[in-house]
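Two forms, one chain: they're shown below as structure tokens, one block per form, named structure 1 and structure 2.
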Structure 1
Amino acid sequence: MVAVAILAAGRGTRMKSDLPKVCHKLGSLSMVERVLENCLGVEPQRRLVIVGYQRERVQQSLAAHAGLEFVEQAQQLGTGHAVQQLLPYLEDFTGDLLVLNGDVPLLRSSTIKHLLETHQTNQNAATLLTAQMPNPQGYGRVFCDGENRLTQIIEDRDCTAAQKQNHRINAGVYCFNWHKLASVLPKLEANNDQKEYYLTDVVNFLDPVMAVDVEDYEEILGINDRKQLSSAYDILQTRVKDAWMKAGVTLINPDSITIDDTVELQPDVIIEPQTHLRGKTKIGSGTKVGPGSLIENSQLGQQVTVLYSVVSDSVVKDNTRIGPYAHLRGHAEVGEACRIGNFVEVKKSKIGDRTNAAHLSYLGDATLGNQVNIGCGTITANYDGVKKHPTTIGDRTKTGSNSVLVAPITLGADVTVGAGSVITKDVPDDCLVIARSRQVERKGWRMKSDS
């Protein structure tokens, strides 16, 4: 049996933020959410999160996960004190407890599994993840005897100059025999520079304690400040982008591109520079996005092109061209082989196949059929100042330049709207409709002179 406990009660003073440290986002997920997801691979029976500073916000950032147990650490007196709070919750628990710092979010599931297996095979009292850090500043240093048995962990600030030369650091990821840990937790004392109860001191009372070095030290980077948050983001991005390139996606100038790890891409997708793919976005094969585009929680079909545009919460079907400078949002759905072009905004609208809106339009709360042509400057006036109203446009209908469709309104199929019209009443199929004042010409008219 395995239980997991995540330490997430601290404020994270070094972030200089009102938001609790573990709620800061790394891509689409908060740090603590990442830590939780990283350890799900070991299929823990219990998942406990120790919360304290702004506990509501921490709980909120984990709302997507059912079955978590939140344990309150009302005062944050150190990592050892945090784990002491588990005692009443795990009274009857027999098995191993995995403890993870909420600010170490880049761990791979395979590393956690390996730690647990080593712990169980060797029947250790405790097993710790360690690393040889090129720059160990700020981390607890791990000291072992000749047989790789751990003797002591000394926090950076409590180290002598000589001890600081040791580059083997504590990752903040531990596996404990819970029964043994529970019996020594009450022995912790706060006699250190910070006057805190350190979890790391339990190794002084437990035996045997083993250290397992992680191969890739980048996995265990702890995030204490904004600089480290940004480095962690870069590491995550490199992982994500390398994986997609390996899977057949072309990234042009990858350093200028960001891709959330929740995005799904098919082979032969091409991503051009300065493009950002966020959230639950899916992109089909042969589609080219960018340069200069943002795609958020959206699905793009195959052979789509998106150029200098923003697409949020929307769907674009095969062979459609978006942009330059288009904005699709609020559940827009654009059919196959359409063109949504220069300075066109589409909000919460469903557009049929082979329909074009190529220049300077706003389409909101509208339903358009197939092969519709929206003339330059056509606008659905969907808002009367209080409520939003729908517009419906039938197949093959064409709107002239600068027409305004005042919703609620329905234009039938094969309608032609004269340029500059303000349409306020429904129009049946097969009509030419013009709603503007006639042009007036006065032969021989001159401006009157004053004299």
Structure 2
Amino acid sequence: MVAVAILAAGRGTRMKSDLPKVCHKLGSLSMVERVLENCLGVEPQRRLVIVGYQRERVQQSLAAHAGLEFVEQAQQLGTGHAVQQLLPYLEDFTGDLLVLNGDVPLLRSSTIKHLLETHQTNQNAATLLTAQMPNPQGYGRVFCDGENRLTQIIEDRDCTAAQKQNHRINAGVYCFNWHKLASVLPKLEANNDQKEYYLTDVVNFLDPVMAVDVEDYEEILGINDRKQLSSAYDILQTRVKDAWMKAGVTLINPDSITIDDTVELQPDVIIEPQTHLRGKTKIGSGTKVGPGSLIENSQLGQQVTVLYSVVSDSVVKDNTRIGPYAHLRGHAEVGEACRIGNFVEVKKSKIGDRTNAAHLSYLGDATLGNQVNIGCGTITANYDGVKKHPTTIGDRTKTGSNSVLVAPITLGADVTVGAGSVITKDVPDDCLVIARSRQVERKGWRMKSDS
């Protein structure tokens, strides 16, 4: 059996924020959510989050993650003290315990799995994740024998010049035999300047203890301030974008593009500069997005074009053109081979195949059939000041420029709406409808002068 404990009790004063440090977002997920996601590969039977500062807020932020156990660390007296709080919770537990940090969100699932496998294969009492740092100044050094069994950990300030040539440092990530760890946790003492209980001290009481080097030292970087958060995001973005380019996606000027790691792309997608892909977005083969576009929690089919536009919580089917400067939101659904053009907003509407709204229109709470043509400036007036109302437009219907359709209203198939009309009543199939005042001309008329 495997249990995972995530240390998430600290405030993170260097973040200069009222928000607990582990709740700060790194891309689409908070730091602590990333740690939870990264440990799923080892299929833990129990997941415990040690909380302290604003514990209710941390718990609330993780409400969507079923099966978590929250352990309170009322006083933050070090990592050893945090793990001591697990003793009553894991009293009958007999497996291995992974200890992860809620502010170290870049660990790969494969790294955590390798740590656990090494620990179990060698039947270690404890296994430490270590890293070969290019510049280890300030970090304690980990010393091992030829079989990577731990011999000692020496703080940087206590290292000799020769010892400082060792670049292996402790990553602060551990795997323990819980039964053996539980027997030595009460032995920890706070004999240091900070008066804290350090988890590293337990290795003095355990045997055997082994070190495992992480392949990429950037995985173990902790986040303590906004600058480090930004650096971590850059690392995450590099991983994501490198992976997609290897998978056949073209990124033009990758440094100007951001892609959440929850996004799914097919080969031959082209992402132009200044484009951002967020959330549960899926994009089909041959689609070109950007420049200057935001796609969030949306699905784009194959051979779609999106130019200088925003698409959120919506679906766009194959061979459709969006933009420039269009906005799809609120679960809009656009069919195949459509055009949603310049300065068109579509909200919570379903648009049939081969339907066009080329420019300067608002379609809200509407259902449009196939081959509809929406003239420039057409508006569905869906709000009466209290409620939203639907508009339905049949196949092959055309609206003239500057038309207003006052909902609730239904236009049948093959209807033509004259330009400048305000339509307030349902229109049957195969009609021309004009609803505007007759033009009046008064010859010789001038506005009266005040003088």
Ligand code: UD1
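The shown structure was predicted, so the numbers you read here are calculated from the model rather than taken from an experiment. Basically, rigid core = biggest C-alpha set you can superpose within 1.5 Å across the two forms. Structure 1 provides the reference sequence; residues are numbered from 1 along it.
- Each of the two structures shows the same chain on its own, and it is structure 2 that derives from the form predicted alone.
- If you fit the rigid core between structures 1 and 2, you'll see the Cα of residue 208 move by 2 angstroms or more.
- Residue 195 shows a C-alpha shift of 2 Å or greater between structures 1 and 2 [criterion: core-superposed Cα displacement of 2 Å].
- For residue 157, the Cα coordinates differ by 2 angstroms or more between structures 1 and 2 after the core has been superposed.
- For residue 169, the displacement of the CA atom between structures 1 and 2, after superposition on the rigid core, amounts to 2.8 Å.
- Taking the core as the reference frame, the CA atom of residue 135 shifts 4.2 angstrom between structures 1 and 2.
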